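Before any questions on binding or motion, here is one chain by itself as structure tokens, the form predicted on its own.
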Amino acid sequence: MTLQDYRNDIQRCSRCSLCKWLPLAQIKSWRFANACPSMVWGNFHAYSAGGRMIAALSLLDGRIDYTDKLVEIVYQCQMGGACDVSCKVNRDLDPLEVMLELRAKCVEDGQVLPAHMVMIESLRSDDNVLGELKAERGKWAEDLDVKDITKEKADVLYFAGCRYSFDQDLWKIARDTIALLKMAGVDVGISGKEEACCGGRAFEIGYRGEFTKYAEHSIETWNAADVRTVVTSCSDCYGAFKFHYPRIGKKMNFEVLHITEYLDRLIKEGRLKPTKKVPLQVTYHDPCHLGRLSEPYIPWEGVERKVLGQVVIKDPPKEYRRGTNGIYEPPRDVLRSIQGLELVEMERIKEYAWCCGAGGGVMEAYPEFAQWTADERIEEAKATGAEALVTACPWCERSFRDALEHNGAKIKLYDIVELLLEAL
């Protein structure tokens, strides 16, 4: 698809501003009623999904040209998709797809950010977006008794992803994950230093060629290794595997699960039995890519026509991503399985969750905006009275860790894996 393919969606945007807020029925207070971090941060309509639709149409029609401010507006967005979910409460439009195509057009036209170029150069040279050496990728798993699927077969591949592979503050979580899987008797293996980026970040910032290269590499490698199941702890990777990979048309002969889905399955099968009490009141943050952005890709081929010259229909009917089929209950069920642990919810949860701030290249290009977004979520977590904020994504954890170090908020931060291991 290209930006031109979404012209009808762009023209049908009524500039109603619903993309800026939670749907009315979901609003519990004025304080946490916003859906779009970019809009609140930029404080001008241009920073909303509707504003970017206007800009996209003007570019297509040649009414405007690129400026530094326009490029900033395009990229100062985490691409978390809350606007898309709110829009679809009333309209069957795809504002997130429009914004993705707008970024792809920017890249095609050479309108890129220096910070994003650094990411892409790192990807091209060392197969990761963090500027780290490829040879260092497997260090997180040193001394672990775990199979290497490049040398021997394993039923389950654990895919760590770039952040867990290189962020030493988070290595323990990846190592704890392997420990949990082995405790459950899972035949698990890793790719070590041969693992490569999922390509999801490249897709989000508009570099389609790089994304396709890494998606094809991953699918071909895992099919050849005869892996039955790919399990990842990274929500960004999971979202890429579930939604973006199928779009390139390569057959995937393996099941994809997020670690919270797999742990929930292992607990319900009796292979993991959390019996120790963990007396803690927690609130859970839904990562964007594990929640609303993880809905499986559903291809559609059909025609669009108008009934009575007015009502637009898709023939056959098109299934839209509305965020409702994301991974919401498995992580909560894992938490509920832990004795003594009490889960209290924030106001914005599941498909309406507020972003952690790390996505869409914002952490790299606009760190102050990323930190502000994380601060907002931490304030929402604190408002529940919970002792701890829990999530299931390394990018969210990195964003929240950085924010907590900066703002000094008195709330603990955990990964679900850490709490489950403590309960065994």
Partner chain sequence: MALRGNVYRILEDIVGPQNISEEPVILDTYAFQWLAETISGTKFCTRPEAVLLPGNVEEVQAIIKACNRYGIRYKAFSTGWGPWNTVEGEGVLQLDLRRMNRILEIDEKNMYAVVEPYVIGSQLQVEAMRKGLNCHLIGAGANTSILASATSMAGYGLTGIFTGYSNCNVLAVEWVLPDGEVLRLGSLGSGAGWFGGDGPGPSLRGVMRGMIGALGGLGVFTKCGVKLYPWYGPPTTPIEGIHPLDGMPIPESFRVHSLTFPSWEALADAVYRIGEAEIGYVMGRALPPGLIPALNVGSATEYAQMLQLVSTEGMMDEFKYAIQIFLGANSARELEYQERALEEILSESGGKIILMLEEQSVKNILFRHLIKSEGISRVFQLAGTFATSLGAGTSWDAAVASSKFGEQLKRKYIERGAIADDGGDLAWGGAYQHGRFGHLEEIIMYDFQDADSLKGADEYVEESAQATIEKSLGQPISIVRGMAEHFGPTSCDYHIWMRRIKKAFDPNITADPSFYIEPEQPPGK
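Owing to the predicted nature of the structure, the values given are computational and were not obtained by experimental measurement. Positions refer to the first chain, counted from 1.
We do not show the form predicted in complex with its partner chain, though everything after this point is about it.
Residue 15 belongs to the set of residues with a heavy atom inside 4.5 Å of its partner chain in the predicted bound form.
Residue contact check for residue 416: none of its heavy atoms lie within 4.5 Å of its partner chain in the predicted bound form.
When its partner chain is considered in the predicted bound form, residue 151 lies well away from it, no heavy atom lying within 4.5 Å. Its partner chain is not shown here, and in the predicted bound form it never comes within 4.5 Å of any heavy atom of residue 168.
Across the options 392-400, 362-370, 39-47, 379-387, residues that bring heavy atoms within 4.5 Å of its partner chain in the predicted bound form belong to 39-47. Between its partner chain and the residues 247, 134, 172, 322, the one pair within 4.5 Å by heavy atoms in the predicted bound form involves 322. When its partner chain is considered in the predicted bound form, only one residue from 182, 91, 124, 271 comes within 4.5 Å through any heavy atom, namely 91. Within 4.5 Å of its partner chain in the predicted bound form, a heavy atom is found for all three of 30, 51 and 312.
In the predicted bound form, its partner chain lies within 4.5 angstroms of at least one heavy atom of each of the following residues of 63-96: 63, 64, 67, 69, 70, 73, 88, 89, 90, 91, 92, in sequence order.
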